[in-house]
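What follows is a single chain, given as structure tokens, in the form predicted on its own.
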Amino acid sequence: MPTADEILGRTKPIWTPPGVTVIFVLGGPGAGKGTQCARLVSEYGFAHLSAGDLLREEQDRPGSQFGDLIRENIKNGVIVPMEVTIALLEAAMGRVMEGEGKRKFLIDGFPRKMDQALKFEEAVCPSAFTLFFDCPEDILLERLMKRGQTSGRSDDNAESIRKRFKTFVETSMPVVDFYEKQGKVVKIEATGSPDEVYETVKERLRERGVEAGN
């Protein structure tokens, strides 16, 4: 895994399109990003990397130098320093390319802030576009409280959910706005059922020239 200093010091991406395709996937907590990504992996052949899952795995990894930092940040609904998340994503992409041969990635729950977006594209790989799942806070809260009954996730409680949504609006929406001005956002209304949302996703991807099985 690259060190934080390597990420911060790099000024040229190690991968570029069309050899590697990166689609960012953003939306408030509970917007259904993971569910939709799983379907896209099955039908389109993407590799799915969840920034949140990678961080949770790292916090539990014995001997991790970042474990305590990640745990405290997640508990408080605060974004983990960008170089940590980017290093984990780069390492995961490399493992997928070497092990599975896949070179198309859905990066879920990232970038959460402008500095993450800019640094990832500068140091790792420019993105093709961002899939943005738009959903009101009251629906997200209802979904996550229900998920919290069975998920076992420490952040699936009302207080943490509200903190996470507030953080998303304040820090991630500027990222969406930034890419939207470049014509690089595919906005999906995520209030319907998973099946309804997925049909919309497939339609929007076709408009972008992304076909199933590619």
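Just so it is clear, the structure is predicted and the values come from calculations on it, not from any experiment. Start at 1 and count along the sequence shown; that's the residue number.
What comes next is about the form predicted together with a small molecule, which does not appear here.
- Residues with any non-hydrogen atom within 4.5 angstroms of the small molecule in the model of the complex fall in just one of 135-143, 70-78, 121-129, 94-102: 70-78.
- In the model of the complex, the small molecule sits beyond 4.5 Å of every heavy atom of residue 184.
- Contact check for residue 55: a non-hydrogen atom falls within 4.5 Å of the small molecule in the model of the complex.
- None of the heavy atoms of residue 188 is located within 4.5 Å of the small molecule in the model of the complex.
- Heavy atoms of residue 51 reach within 4.5 Å of the small molecule in the model of the complex, making it an interface residue.
- Contact with the small molecule in the model of the complex, defined as a heavy atom within 4.5 Å, is made by all three of 110, 116 and 153.
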